[in-house]
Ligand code: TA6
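Here we start with a single chain on its own, the form predicted on its own, put down as structure tokens.
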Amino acid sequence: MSTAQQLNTQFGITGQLGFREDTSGLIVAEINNTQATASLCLQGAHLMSWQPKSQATPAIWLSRDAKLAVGKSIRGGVPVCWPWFGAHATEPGFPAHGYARTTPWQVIESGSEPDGETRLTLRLLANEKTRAQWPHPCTLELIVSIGETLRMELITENTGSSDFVIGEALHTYFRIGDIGAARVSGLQDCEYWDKVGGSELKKQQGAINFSSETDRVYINTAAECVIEDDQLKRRIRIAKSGSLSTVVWTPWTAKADKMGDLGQPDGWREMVCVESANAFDNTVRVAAGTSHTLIVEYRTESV
């Protein structure tokens, strides 16, 4: 793996993009351009923060108790769930949500756009352990464009001679004022699997409001979603392509207490997950020699 110094020499952009080594030994990319600030851990290609300079509050939530550690996922930000979502279908010993979020990625390109956005492209590094869990020849890349809008492209290329099926998600934690004063619109009339208290297929009526634990996988929807935040007086717009599932999650008090890393005692109230995914009914078959791309774009609006 390259050192932070080597990465700065090869990919650093003066006044925009630099790399540093965290006390954990992991390397973090730091972005500060005319439009936004952001940080990304190369383990997991895990975006940890993003704050447009037009906003007084970050748009992406990172737990106060988040820790960087080799081989461990980070609580908050944008974990990359791949090549399966949730538990593995047949191997209970395999990690939930796949291995991409805890495996090193390699920077392969960086650049600055004419409008001032910063672009970073990373590729997942396969190893003996990952090949044992996923024996299919393929490459996985993530292109992150950071500016007033945050755009993320997750590209799966099947380089083998056989088709394979993936589940995936950009498991984004959004910063809100308070979960009781926020709602998610855009999924009216969509069917969803309700994962709280069993898995039951239901239909969404109106906007999603929160008053208890919520864990839902909305299926067969490519709709744009909007997080409407009365306390911070803003909207976060979530547009996507190449994704037919949307996951909405908040743990609420009992589950947050059990998890223990959500910024106790009430850090969980300042976040909601709205994940652009292909899960459950919407897993994706990637034919040999082809690729699949999941794209999300996040944009904030003050109201």
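This structure is a prediction, so every number in the text was calculated from the model and none was measured. All residue numbers refer to positions in the sequence shown, first residue = 1.
The same protein also exists as the form predicted together with this ligand; that form is not shown, yet it is the one meant from here on.
Participant: Determine which one of 148-156, 166-174, 129-137, 226-234 lies within 4.5 Å of this ligand in the predicted bound form, judging by heavy atom distances; exactly one does.
Facilitator: After filtering at 4.5 Å, what remains is 166-174.
Participant: Given this ligand in the predicted bound form, answer whether the residues F85, D215 and M259 all have a heavy atom inside 4.5 Å of it.
Facilitator: Yes, because F85, D215 and M259 each have a heavy atom that approaches this ligand to within 4.5 Å in the predicted bound form.
Participant: Counting non-hydrogen atoms within 4.5 angstroms of this ligand in the predicted bound form, say which of I108, A207, A89, A96 makes the cut.
Facilitator: When this ligand is considered in the predicted bound form, the option within 4.5 Å is A96.
Participant: I need to confirm a contact call. Of R119, R183, K195, R123, which residue comes within 4.5 Å of this ligand in the predicted bound form, counting heavy atoms only?
Facilitator: The option sitting close enough to the partner is K195.
Participant: Since only the chain is shown here, I'm wondering whether W249 would be in contact with this ligand in the predicted bound form (any heavy atom pair within 4.5 Å).
Facilitator: Residue-level check for W249: yes, a contact with this ligand.
Participant: Even though the chain is shown alone, can you say which residues of 252-279 have a heavy atom within 4.5 Å of this ligand in the predicted bound form?
Facilitator: Residues within 4.5 Å: K255, M259, E275.
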